[in-house]
Structures are given as structure tokens and as C-alpha cells.
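The chain below stands alone and is given in C-alpha cells; this is the form predicted on its own.
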């Protein structure tokens, strides 16, 4: 394994709600504090990156990375419908400019799972005017950040609600019904629909429309900006007799969303493991294979397969916008990333246009329904003092980034 292409993106990634802390105006904050709740614990202060971003960005620079992928919290920007916070806009402007000043490219995600509560209360992306509201927000951010940001991802893992819905990863709809009803009651609206619960199929179509409208809005205001969308893509495999079910799942939960990328500048691929289908459906992860804290199979080779599939299907450049592992053994983190990067180099050797690799995540942070137990970070965080501790894997990956080679 040797050199990577000149200008290759070496980044880490975070999401605003998982690291900023106290995002009290969004739908997830409400759901975290709803009884009954799906969440192991509330996000609370998270990693307080809203105040500590300069420290974190300097750490990335010192380690050797050349990019930072982070998200803007829409609920901070527009806490009530039509009411835009100039203070929030200025915060994200300063943050994006600081990333640039430190010599890193800001890769900005506009929607990473969370929405303003008012938006969710009105039905979210499933509402008739949901996509237009999102595009309006995208245009606002293009006006404010357009001169400093690098690549822009409109919606993070736009396809994952459909995968969760069809795979029952959050439980079946009957089990989710009490939680949804409680959230609707708490916010005072029967139309409440969030990223993972509510009208999932309606929201999927709304997000597709929202992405395309957002691309138009961004290009109208910041025409030089490379724009794309990110997808959660597992390596979909099949044993004998499972091919048809595998292909149907792929068509429904991957291809239908790759279809909306026509005209985009890149596709963000986010891969953690593989799925294997048999004649009766998706197989459970075998007891005799190594697993991550998330219960996934330890299978970093999935990344090569998903890059190849995405590039072949779309013909677009690929940025690995997320790849990583939840583990408390940092030596396994290094092993996972090394094998994943070998797959990236295999793709590059075959002429596939892979523009970069962003490890998930920069920090040990709030892992949604699972709370703070899974540790994906290159950097540990003391949740009382907010002290950052760089892990050996961060030094190792940063050295690769500095050299742009193994």
C-alpha cells in the first residue's frame, strides 16, 4: 500500500446534535425527554463542541488531517418557522471560517438526522411543504457560508430511515406506536414525524425532493460549491437462494436513492459492515464472528465493495464521508481502518474516482438511541470535564494523512 492521489481528503466527521450539546429546539431533544422513550439517555451537554470547536479543530490540524466534516443544526438557525437566528448564523460562519483558517477544508452537512421541532410538528419531510422549507434553509446557509465551505452534503444517510423501517432495526411499527404517540402528545401535534419515526415512506419521498431543491438553491447562491448527498450503504451479499431478496432490498433502500444523485458533484458513501441474505431474508450476525459495539460484524472490506457499487451505479466521484468502528479496543480501530483503506487503494488502482476518506467519528459522542456507551472516536471525551484525550489510532491515522500514504 502506497501513495494516495494528490489532494486526497483526509478528514474526520461529527454531527451537531451528537457533539454540540443542548440542542433544545430540535425533535430529538423532545424525543429524548419523552416517556416512554427509545433513548438510553439524553444528549445533554454532549461534547460541548458548540463552545469548544476551536480546540477540536486545532487538534485535527496538529494530528495531520486536512478536512473536517461537521453539520449545521437547523434548529439553531431557525428555531421557529420563519424566525432565523442571526447569532446562530454568525456562530456557524465563524466556525467554518476557523476551519478554513487552520488549513482544513470544511465539509458541511445541512441535515444530520435532526430537524427543528416546528418542522417535525408539521410533518417534517412528509409534509407537502417540507422539501421547500428545507431548500429555503439550504439557501440561507449558502448565502452565509458559501465563500468558506468546501463540499456540501445536503442530507446525511438519506436512505437509512427506509432501511430501518423495512429491516425493523428499531422494532416493528406496533412497538414504536406508544413512543410515537407520546412524542405527538408532548409536542401537541398528531402530524409529528421525525427522521426515524412517523410517516417514513412519505418522508423518504420528501427528502428526495428536498435534496434536489436544496441542490438548486445552493447552486443559485454558491455556484462553485460541490454538492452531494450521503447514503448508508452496507455490502449487500447473498448466499444461494437469497439473491432475489438481496436485490429487492438493495433496489428499495439504496438504488432508489442513488437515482436522485444525477447531476450531483459527488456521492457520500457511509459504510460500516455487510448484510447477508438467504432464502428467508437477512441472516443474523453469526455468534462466531467478531462484532463491534453496535453488534455489526467486524468487516472493513465492506467499504471497497460499496465504493465500487456506488461508482458503477452513478458514474459520480465518491467521498467516503463515514467509515469507522465502535470499539473500546483502539488496536481493533487501527486494524479496521487499515483494512478499509486498503480497499480504498484497490479502488483507486482500478481507476475509480475516490476523492477522500472521513473517519467516523472525531470524538466519542452521543450515539443516538444508544447514548454514550458506543465509542467511535479517535479522541476520547471526559463527559464531566470535557477533557479531550487523543487515542493512538488518531496519531496513526493522522500520520497517514500527513504523508498522504501508508
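Residue numbers count along the first chain shown, from 1. All figures in this text were calculated on a predicted structure; none of them were measured in a lab.
In what follows, reference is made to the form predicted in complex with a small molecule, a form of this protein that is not presented.
*Asks:* Could you confirm whether residue 368 comes within 4.5 Å of the small molecule in the model of the complex, counting heavy atoms only?
*Replies:* So residue 368 counts as contacting the small molecule.
*Asks:* Would you please decide whether residue 393 lies within 4.5 angstroms of the small molecule in the model of the complex, comparing each non-hydrogen atom pair?
*Replies:* Although the small molecule is absent here, residue 393 would stay clear of it in the model of the complex, with no heavy atoms inside 4.5 Å.
*Asks:* Taking the shortest heavy atom distance, is residue 294 within 4.5 Å of the small molecule in the model of the complex?
*Replies:* Yes, contact at 4.5 Å.
*Asks:* Any chance residue 71 has a heavy atom within 4.5 Å of the small molecule in the model of the complex?
*Replies:* Answer no; every heavy atom of residue 71 is more than 4.5 Å from the small molecule in the model of the complex.
*Asks:* Have a look at 180, 276, 160, 127 for me and say which one sits with a heavy atom within 4.5 Å of the small molecule in the model of the complex.
*Replies:* Checking each option against the small molecule in the model of the complex, the one that comes within 4.5 Å is 160.
*Asks:* By the heavy atom within 4.5 Å rule, which residue out of 359, 28, 53, 376 makes contact with the small molecule in the model of the complex?
*Replies:* Selected residue: 376.
*Asks:* Should the three residues 18, 113 and 322 be counted as contacting the small molecule in the model of the complex, with contact defined as a heavy atom within 4.5 Å for each?
*Replies:* Spot residues vs the small molecule: full contact, yes.
*Asks:* Could you tell me which of 105-113, 207-215, 331-339, 142-150 sits within 4.5 Å of the small molecule in the model of the complex, going by non-hydrogen atoms?
*Replies:* Stretch with heavy atoms near the partner: 105-113.
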